[in-house]
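Only one chain is given next, in structure tokens, and it is the form predicted on its own.
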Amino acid sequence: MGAKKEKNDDEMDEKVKKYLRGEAANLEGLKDKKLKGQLAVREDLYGKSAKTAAKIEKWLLPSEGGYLEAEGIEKTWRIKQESIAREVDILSSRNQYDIVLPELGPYTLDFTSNGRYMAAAGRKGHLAIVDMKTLNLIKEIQVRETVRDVAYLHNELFFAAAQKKYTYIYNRDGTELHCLKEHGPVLRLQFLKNHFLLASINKFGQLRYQDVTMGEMIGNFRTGLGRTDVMQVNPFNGVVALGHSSGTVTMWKPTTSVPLVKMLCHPGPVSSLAFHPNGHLMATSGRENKIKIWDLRKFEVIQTLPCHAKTLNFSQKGLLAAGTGSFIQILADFSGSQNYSSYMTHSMAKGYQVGKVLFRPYEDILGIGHSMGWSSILIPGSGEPNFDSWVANPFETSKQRQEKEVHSLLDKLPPETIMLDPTKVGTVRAPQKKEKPVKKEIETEMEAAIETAKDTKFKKKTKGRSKPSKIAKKRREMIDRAKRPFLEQQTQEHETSRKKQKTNPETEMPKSLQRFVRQKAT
């Protein structure tokens, strides 16, 4: 009985660690008692909320994710989709399908944050919205011009399509709501759901951010690195990453015109990139047939895999899908040591060219957009088994959706909160070095010291020591003593500035005469 109780306690401690917001703050160095008390109460609240969440997970979230398990010398990457379809239930087997539309492809896909709806866009102008639970077609329209990308906004009611000349926003009925002419001919779209920002990169290498609530253009920057169609948002901090033909990856935020990070990832062009849901890992692929896994906390390569990928995507549970040609490979890290190895493979029909792979949230499904339409395959263990109805509810009603929309608008984050390390928001700033006082401040301090010396009262003494002349002399000495530190500081600053002004004769003379200056013997 005791051993069982200890085991349960260990499991509970592990779950509590998972929900804690990092390490507890060190309050010993704080001198402000009021601030120290407030932070101590907050830390206690964090601990209680983590314990409550751990208990809820234990009793109310019983579903556990499972993976393919091989027996003996069998390998999981040899298992085909046909074998999986024979073993799963009827509802799951329905998610294996191929939609063949060769005249309208190639296709690109996007899912809503709860995984309930999918938007598919064909290069020849075909736009379709599908309910993934019932597999019913909600709406399809033909815009009669090139469509390069599609992205859902904050819910399934609105989506943006990057068309030939401009970006358009449609509702789920196919009605055109807005034409975003400022974005130009866009190649890729991304939506930052916490900030309500639509980010785009066009064929001239211009990155733009637009607030979809107010319609205001938040940022408009030239990358200066040429045309690119490789773009991804880090879900952890909202930073947009771009992959360029020079092999560099740049990371941007909407409030600065220069990249936060510029890192050389490959010797040739970057073909695709993806971020892990925890935001600390990034996968990039280059034309030199290599996939690299990067640790963004140190900006170092932790693994290099010898395979090419035209498109990459991480699942909610950390599986990495890589697609190139008509072949798709799924990589997994079961050990937790960030060492990815082959988990599953899938070959499309001959002639199919994979354009985009995208995991469906909260389901073990991988969506594939290719040159002949789109497909769906089963990837056991890819999706999060338990969903939080306050975050993303696949079964939400229209009333719940309206309430969620209001709450998300109230909780909307300003663009200034996008940074590489968002944990710094709300923390106490470390004490900085005291700034050098200005001349006016020094003069004010000196005058105050002189006034204090003048107002000093002397004791009355005998034997002529309290004569007016003696008292005046003592007061002058006190005033000189009060002035001395300020005068010494001014003298020192004057000498320092004079030394800085001393320059060699080359810089004093005009540029055309500097070559005639006599050089000192060495």
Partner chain sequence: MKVKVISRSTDEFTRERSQDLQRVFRNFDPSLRSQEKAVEYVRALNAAKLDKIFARPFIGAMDGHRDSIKCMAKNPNHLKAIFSGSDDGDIRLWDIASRRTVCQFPGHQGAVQGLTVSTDGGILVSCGSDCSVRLWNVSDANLADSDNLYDNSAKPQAVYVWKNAFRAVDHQWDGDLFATAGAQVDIWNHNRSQPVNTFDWGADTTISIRFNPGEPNILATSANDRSITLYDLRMSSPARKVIMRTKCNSIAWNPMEPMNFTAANEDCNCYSYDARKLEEAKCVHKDHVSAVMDIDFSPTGREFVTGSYDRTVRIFQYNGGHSREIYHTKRMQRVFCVKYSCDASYVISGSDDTNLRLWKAKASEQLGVVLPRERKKHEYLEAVKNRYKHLPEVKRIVRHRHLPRPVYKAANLRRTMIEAERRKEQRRKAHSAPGSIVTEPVRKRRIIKEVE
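Numbering follows the first chain given and starts at 1. Because the structure is predicted, anything quoted here is derived from the model rather than measured.
Separately, the form predicted in complex with its partner chain exists; it is not shown, and the next lines address it.
In the predicted complex, every residue of the candidate spot (235, 395 and 411) has a heavy atom lying within 4.5 Å of its partner chain. Checked against its partner chain in the predicted complex, the candidates 495, 28, 69, 32 yield a single residue with a heavy atom inside 4.5 Å, and that residue is 69.
For the options 425, 406, 177, 258, the one in contact with its partner chain in the predicted complex, meaning a heavy atom within 4.5 Å, is 425.
The stretch that touches its partner chain in the predicted complex, counting heavy atoms within 4.5 Å, is 375-383, out of 243-251, 149-157, 319-327, 375-383. The closest heavy atom approach of residue 65 to its partner chain in the predicted complex falls within 4.5 Å. Shown alone here, residue 132 lies farther than 4.5 Å from its partner chain in the predicted complex, counting heavy atoms only. Contact annotation for residue 290: none of its heavy atoms lies within 4.5 Å of its partner chain in the predicted complex. None of the heavy atoms of residue 111 is located within 4.5 Å of its partner chain in the predicted complex. Contacts of stretch 88-124 with its partner chain in the predicted complex, defined by any heavy atom lying within 4.5 Å, are made by 88, 89, 91, 92, listed in sequence order. A shift of at least 3 angstroms brings the Cα atoms of residue 302 and residue 14 nearer to each other in the predicted complex than in the displayed structure.
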